[in-house]
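Quick heads-up: it's one chain on its own, the form predicted on its own, in structure tokens.
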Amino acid sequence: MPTFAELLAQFSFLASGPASVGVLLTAALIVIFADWRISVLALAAQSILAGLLYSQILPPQVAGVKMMVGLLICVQLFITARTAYAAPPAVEGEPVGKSVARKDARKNARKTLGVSVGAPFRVVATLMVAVVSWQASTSPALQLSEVTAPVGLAVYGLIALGLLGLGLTEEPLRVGMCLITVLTGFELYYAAVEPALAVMALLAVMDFAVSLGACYLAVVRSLPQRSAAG
């Protein structure tokens, strides 16, 4: 069975420009779409592509661990979303009031799965932020000397798009995904400045803490709605 270092060698052609553009696309999907399934899938792809970028800065084994941490967080978010957004099934012969409450719960669930409100504005804002991030990464005055230009583009883009998403949503899981996106951009840069294993472990714990907090708030927020439907 090939090691992670051997797998990275096979996909080394992706560990530069394509990976940096890919993480920006995944961050844009998280900002634009409200469907939690698309967002979680985009975050999983972001974790894989970020792992390829980490391989330019960290040893392959550490980059692999960072990738696995991101994928485990995505599994956690997926399970929580399935639990929080699942509308209770209708029961035959139930009172009218409960039936109406169930319909309202299903409507709210569909809203959560749809495209974000103000999608055209989100698309335009995302494109503007992506262009500004690209210009910042190529500007001599703002270029990050500690990392390569593609990694610098990913750093600027992830932080900027994550902050944009944080300003446009109040849903706990999406807030958590946007915050993890910001942290991923910060960690890509900080890994080049301070690649100590203890620091990398602390940052991984921080990612898990953000994910746990978002999952807890999402479940708590869904309880009144599910109680009314039940």
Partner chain sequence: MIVPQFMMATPLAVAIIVYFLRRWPWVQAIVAAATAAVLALLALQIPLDHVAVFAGRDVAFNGVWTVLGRSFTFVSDDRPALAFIYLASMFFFFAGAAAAGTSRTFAPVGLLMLSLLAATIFVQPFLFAALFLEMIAAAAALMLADDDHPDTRGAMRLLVFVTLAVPFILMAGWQLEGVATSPDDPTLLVRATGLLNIGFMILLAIVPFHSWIPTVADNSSPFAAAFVFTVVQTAVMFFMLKFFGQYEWLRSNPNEFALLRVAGTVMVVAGGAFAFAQRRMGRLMGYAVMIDTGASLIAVGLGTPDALRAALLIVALRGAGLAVWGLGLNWLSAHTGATDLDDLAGKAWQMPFATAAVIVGGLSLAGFPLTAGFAGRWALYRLLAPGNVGLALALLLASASVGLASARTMAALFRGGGQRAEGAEGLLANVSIQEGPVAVVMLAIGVLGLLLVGLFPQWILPAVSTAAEAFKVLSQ
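Source: prediction; values computed, not measured. Numbering follows the first chain given and starts at 1.
Below, we turn to the form predicted in complex with its partner chain, even though it does not appear here.
No member of the trio Leu58, Val69 and Phe121 reaches its partner chain in the model of the complex with any non-hydrogen atom inside 4.5 Å.
Among heavy atoms of Gly64, none comes within 4.5 Å of its partner chain in the model of the complex. Proximity of Phe33 to its partner chain in the model of the complex: non-hydrogen atoms within 4.5 Å are absent; the residue sits far from the partner. Interface residue remark: Gly213 is counted as part of the site for its partner chain in the model of the complex, having a heavy atom within 4.5 Å. Interface residue remark: Val21 is not counted as part of the site for its partner chain in the model of the complex, having no heavy atom within 4.5 Å. Taking a 4.5 Å heavy atom cutoff to its partner chain in the model of the complex, the contacting residues in 143 to 173 are Glu146, Leu163, Leu166, Glu170, Pro172.
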